[in-house]
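Given as structure tokens, the chain that follows is alone and in the form predicted on its own.
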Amino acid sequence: MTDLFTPIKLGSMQLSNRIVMAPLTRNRAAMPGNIPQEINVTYYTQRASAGLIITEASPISAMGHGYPATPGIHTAQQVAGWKKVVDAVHAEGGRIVLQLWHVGRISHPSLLPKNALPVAPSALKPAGQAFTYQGLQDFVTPRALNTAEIEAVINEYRVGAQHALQAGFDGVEIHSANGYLLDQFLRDSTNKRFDQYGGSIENRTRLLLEVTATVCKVWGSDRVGVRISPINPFNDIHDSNPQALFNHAADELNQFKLAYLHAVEIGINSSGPLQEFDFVQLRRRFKSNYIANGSYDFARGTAAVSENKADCIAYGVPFIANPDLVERFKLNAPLNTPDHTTFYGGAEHGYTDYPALDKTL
């Protein structure tokens, strides 16, 4: 029987198990410069037993940042910092891919070069507040990208992908989820454009497909994944017909023969009922590997894989608190309790000091 410990090949990436470490923003890059540092090396190396590590989201440009101390992939110093992480994970036998990120409107001028306005498909202010170095501040109305500027954004993804290749990663994941730039182009609540990137579902998926094609030219499609979140309202986003939209996106992504599609199957920090969505249908339409993400525990993850509802399961919070999560699952051992107050920002406490199993028995 196939279970979470059965090896699998995602594209050309051979994984020792199907337990994936989900991308987790932790806000612990070195400042100034948003550079991966030694505590990041330790953190990821501790979790190298995961079948695949997907790094925290990494901005592809200075305009792609939306939170304090998030490690980027757009400067030589950042590439050098990430290379130390990758080398250490590889030394432990792990596999690691970098998540390429542009936040779009989910930012604030204080986080951007020359206090620039954030960019977005349309000039629509999101509800809520931005996390800045000065504390929470109301989001601002972003500036809509003109058609000619979109080519420059696609090129930023190309450069970010090239930098990830230079750093030695095993692949990359394109972040098209959770209300950030590519997701903003997908959804009819945030995309009110009248050019070839707006209006119909075909037009709204255009940027995702162009970015994917560009990244695949750098990496080869067998080392590229895409992350989506069809029903997640996080960052003030929704769509009037998510099933049709994401079915189409999955159909079109099939042309690339990607390593995987990574789907967030829940809403993050949401209140009230979520929209109806058939993830089984999405999984059947996408012809390559499917990573499911959504508050799975060991039992649910095992069932999903054994019943062929997913090829791998991505775990987030459990990996924060349990660097040896794979071993704990194997032994059916108790899990550490996560400290939510240390999730974002800080130093080693709540980051690299969770005890491994042999320290707790």
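Predicted model only: the values in this text are computed from it and were never measured. One-based numbering along the sequence shown.
Keep in mind that the form predicted in complex with P-hydroxybenzoic acid (PHB) is missing from the display, and what follows is about it.
Within 4.5 Å of P-hydroxybenzoic acid (PHB) in the predicted complex, a heavy atom is found for not a single one of Y43, N322 and Y354. Of the candidate stretches 72 to 80, 204 to 212, 285 to 293, 176 to 184, only 176 to 184 has residues with heavy atoms within 4.5 Å of P-hydroxybenzoic acid (PHB) in the predicted complex. Residue I268 is the only one of I268, L117, V159, L165 with a heavy atom lying within 4.5 Å of P-hydroxybenzoic acid (PHB) in the predicted complex. When you look in the predicted complex, the only residue of F279, F234, F139, W219 with a non-hydrogen atom within 4.5 Å of P-hydroxybenzoic acid (PHB) is F234. In the predicted complex, at least one heavy atom of Y67 sits within 4.5 Å of a heavy atom of P-hydroxybenzoic acid (PHB). P-hydroxybenzoic acid (PHB) in the predicted complex is not approached by F343, whose heavy atoms all lie more than 4.5 angstroms from it. In the predicted complex, P-hydroxybenzoic acid (PHB) sits within 4.5 Å of a heavy atom belonging to T25.
The single residue of 88 to 119 lying near P-hydroxybenzoic acid (PHB) in the predicted complex is W101, the criterion being any heavy atom within 4.5 Å.
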